[in-house]
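Shown next as structure tokens: one chain only, the form predicted alone.
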Amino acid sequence: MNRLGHILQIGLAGLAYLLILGPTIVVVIVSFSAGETFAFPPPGLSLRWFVEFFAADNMTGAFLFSLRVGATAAIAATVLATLAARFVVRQRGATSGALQSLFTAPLVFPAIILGLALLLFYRTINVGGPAGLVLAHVLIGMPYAFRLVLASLQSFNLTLEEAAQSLGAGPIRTFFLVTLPIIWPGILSGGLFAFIVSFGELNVALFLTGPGYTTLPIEIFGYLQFPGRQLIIAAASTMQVALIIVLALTIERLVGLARVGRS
């Protein structure tokens, strides 16, 4: 019975991996197709559609813009998340739980509703353009950074800060010389995850992008409306996947994905 259950678990896990990774693997393979249409398996292999991707000014512009938005939003979200986590970790009981729920609330709301709410709010306070988009991505990425930084701080011995301050170090000096060297894996992981979330965000960006500041997911979404562009979309999607894999390998190299998972 135990052996049967073990086999069943392996089968279900394999099916889950297939359903999750299968479509992505198909898109990546097809992006190297030498054909004219989306067909699997491809009739041949070629880098033609990657050349087309980099030759399309709107695609490369959207890709670079997504990188800038993601980097800016990730830095801002990580700084805010670190400040919030430092405050929350010093609270106890219901206050700590309420604050954690508050800072992770963007994960609960559907992204489309959040995007519409931000659009209406921005119109009320007359904010828009790339700045509004970056602020929205900060809001989306902050919960991921907050959870990882909070996990690092919860395993941090706060008496080390008290000892440093008793020796004459101020709060800022104590943070950079004592706290930061210990919790930096959580901060780095949180920042990278915030960047990944920002770079692939579509639903909120649908409401907040406009002419001249379009992210790559929005550009890909727009290309879906035109027949014959599927292979350029596949190449653009492969670029996104490659970037995420590089970031995941960076996290594994510097911190360890298992450690992030436990957090």
Partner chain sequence: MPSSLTGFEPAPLGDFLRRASSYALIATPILFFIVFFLGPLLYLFVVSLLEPSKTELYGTRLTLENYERILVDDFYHRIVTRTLLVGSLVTGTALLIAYPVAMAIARMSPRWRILAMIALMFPLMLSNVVRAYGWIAVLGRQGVVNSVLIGVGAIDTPLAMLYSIETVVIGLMTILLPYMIISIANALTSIDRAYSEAAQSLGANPWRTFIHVTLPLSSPGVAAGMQIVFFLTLSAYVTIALLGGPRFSLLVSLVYRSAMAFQWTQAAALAFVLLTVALCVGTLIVLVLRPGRVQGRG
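Rigid core here is just the name for the largest C-alpha set that superposes within 1.5 Å across the two forms. Positions refer to the first chain, counted from 1. Predicted model only: the values in this text are computed from it and were never measured.
The next section is about a form of this same protein that is not shown, the form predicted in complex with the partner chain.
Of the heavy atoms in residue 178, none are within 4.5 Å of the partner chain in the predicted bound form. With a 4.5 Å cutoff on heavy atoms, residue 237 counts as touching the partner chain in the predicted bound form. The closest non-hydrogen atom of residue 224 lies within 4.5 Å of the partner chain in the predicted bound form.
Taking non-hydrogen atoms only, residue 59 never approaches the partner chain to within 4.5 angstroms in the predicted bound form.
Annotation: in the predicted bound form, residues 45, 75 and 184 none come within 4.5 Å of the partner chain through any heavy atom. The single contact residue among 153, 188, 71, 114, judged by any heavy atom lying within 4.5 Å of the partner chain in the predicted bound form, is 114.
Contacts with the partner chain in the predicted bound form, taken as any heavy atom within 4.5 Å, map within 107-129 to 108, 109, 110, 111, 112, 113, 114, 116, 117, 118, 119, 120, 121, 122, 123, 124. After superposition on the rigid core, displacement of the C-alpha of residue 25 between the shown form and the other one stays below 2 Å. In a rigid-core overlay of the protein, residue 10 has its C-alpha displaced by at least 2 Å between the shown form and the other one.
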